[in-house]
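The form predicted alone is given below as one chain in structure tokens.
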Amino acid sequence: MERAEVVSRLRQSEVQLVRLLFCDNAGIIRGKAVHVDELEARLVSGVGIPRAVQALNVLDQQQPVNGMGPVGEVRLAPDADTFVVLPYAPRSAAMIADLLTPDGGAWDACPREFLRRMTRRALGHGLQVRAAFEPEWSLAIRVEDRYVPIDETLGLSSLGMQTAAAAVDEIVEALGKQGMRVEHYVPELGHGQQELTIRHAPALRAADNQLLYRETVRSIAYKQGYFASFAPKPWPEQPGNGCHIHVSVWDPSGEENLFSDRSAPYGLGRLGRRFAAGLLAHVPGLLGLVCPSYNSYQRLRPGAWSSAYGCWGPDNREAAVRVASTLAGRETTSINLELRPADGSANPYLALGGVIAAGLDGIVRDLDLSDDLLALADPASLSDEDRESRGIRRHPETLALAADALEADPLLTESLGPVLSSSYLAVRRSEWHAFSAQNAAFEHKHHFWKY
């Protein structure tokens, strides 16, 4: 959308404020709002915010990161293509913003620019990456200082659909008005747990969609008197919330799914196998990006259908990489890989950018997707000796270990760049230390509300 078109649409609407949104190193959606009379100028100049914003953790504790102190600004530069009027706040609109230097250059700590660089890297190999996030989230009410699920229904139950119907109906309508095509809805296994998926899109749009999706779900739930949370493990005794990342690779025109080979096992061709091999080669470090919160590691446990081991399999929901079965009549277009461990506390730009970097590494290095890592059953059902002999290893079990694995992965850290990787690791390690010093009630309270 051209800038002039954005301004014209605003003049024809009742919008007063436009929210300029971005996602920080802690996975928190932040931003500033600009009055419509000021927007046209700010589309050129941007809006100033402190550089220190990328050094804030989920508790708003600023970390000592070089160049991210009280001195210096960056600019929120709204992307006109992302303009939407917010259906749940009709006098407000939103735009996704990049973080630029005051002279208009890309800031090295901008997560959205990182994903853009990874999509350019893919295009350099003649590949277009398409993706979809598959978020699970919990609906709750607040009772004194506790969040309580709205129901105690079973997974996939029709009663669960009904108890959440008012909120879900409004969410579906609002997503559609923002250009997000809803594909499926299901009440999930956890009490109050929901899953509502939208159609895949080119990588940058998919990550933008995830930001707007989170904003929409939480805002409508709050408006209706509920609290919605994407926290990975909102209640210790209930199933966790994942946000699986589905990815496929197409030709530059977006017309041919290059993962597809109907004669290959599971319909996954050579390019797809190499991409999957790249994911598995980097999965310990990737967890630092796709499962980045302290709370994430309460979810990543054997038997939780969240993936606890570095393996792959066809429709295996305990594997790190699931080869999703194709849809009848759409076999060549529907083949995709699902990264299972990911959750909703992730910054979608960093998570998806890391996935692309890892998968492309598998393609460039022509990695073999080892049959030793093929799991046709729950990998937890294998003996320790069998897993060890086949190289099926347990994921890092804490945020601290995942951060160490990320730092030790040169492909991922070099792809992020020194500024983004160092600030990100500082933020996430500070969260490990902060939550390690507190009890479980503190952990669950802060993750439930923040995500």
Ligand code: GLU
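As the structure is a computational prediction, the values presented were derived from the model and not from experiment. Each residue number is its position in the shown sequence, starting from 1.
Quick note: we don't show the form predicted together with this ligand, though the next part is all about it.
(message) Can you tell me if Gly242 lies within 4.5 angstroms of this ligand in the predicted complex, counting non-hydrogen atoms only?
(response) Taking the distances in the predicted complex, the answer for Gly242 is yes, it comes within 4.5 Å of this ligand.
(message) Given that this ligand is not shown alongside this chain, does Glu136 nevertheless sit within 4.5 Å of it in the predicted complex, heavy atom to heavy atom?
(response) Yes, Glu136 sits close enough to this ligand in the predicted complex that at least one of its heavy atoms falls within 4.5 Å.
(message) Under a 4.5 Å heavy atom criterion, is His282 part of the interface with this ligand in the predicted complex?
(response) Although this ligand is absent here, His282 would stay clear of it in the predicted complex, with no heavy atoms inside 4.5 Å.
(message) Whether Glu188 contacts this ligand in the predicted complex should be assessed with a 4.5 Å heavy atom distance threshold; does it?
(response) Yes.
(message) When this ligand is placed as it is in the predicted complex, are Arg19, Ile29 and Lys32 each within 4.5 Å of it, taking any non-hydrogen atom of the residue?
(response) No.
(message) Among the candidate stretches 360-368, 95-103, 139-147, 299-307, which one is within 4.5 Å of this ligand in the predicted complex when only heavy atoms are counted?
(response) Careful reading of the contacts points to 299-307.
(request) Could you tell me which one of Arg214, Arg340, Arg75, His200 places a heavy atom within 4.5 Å of this ligand in the predicted complex? (result) Exactly one listed residue reaches within 4.5 Å, namely Arg340.
(request) Name the single residue among Ser293, Ser229, Gln193, Asn347 that comes within 4.5 Å of this ligand in the predicted complex, judging by heavy atoms. (result) Looking at the other structure, the residue within range turns out to be Gln193.
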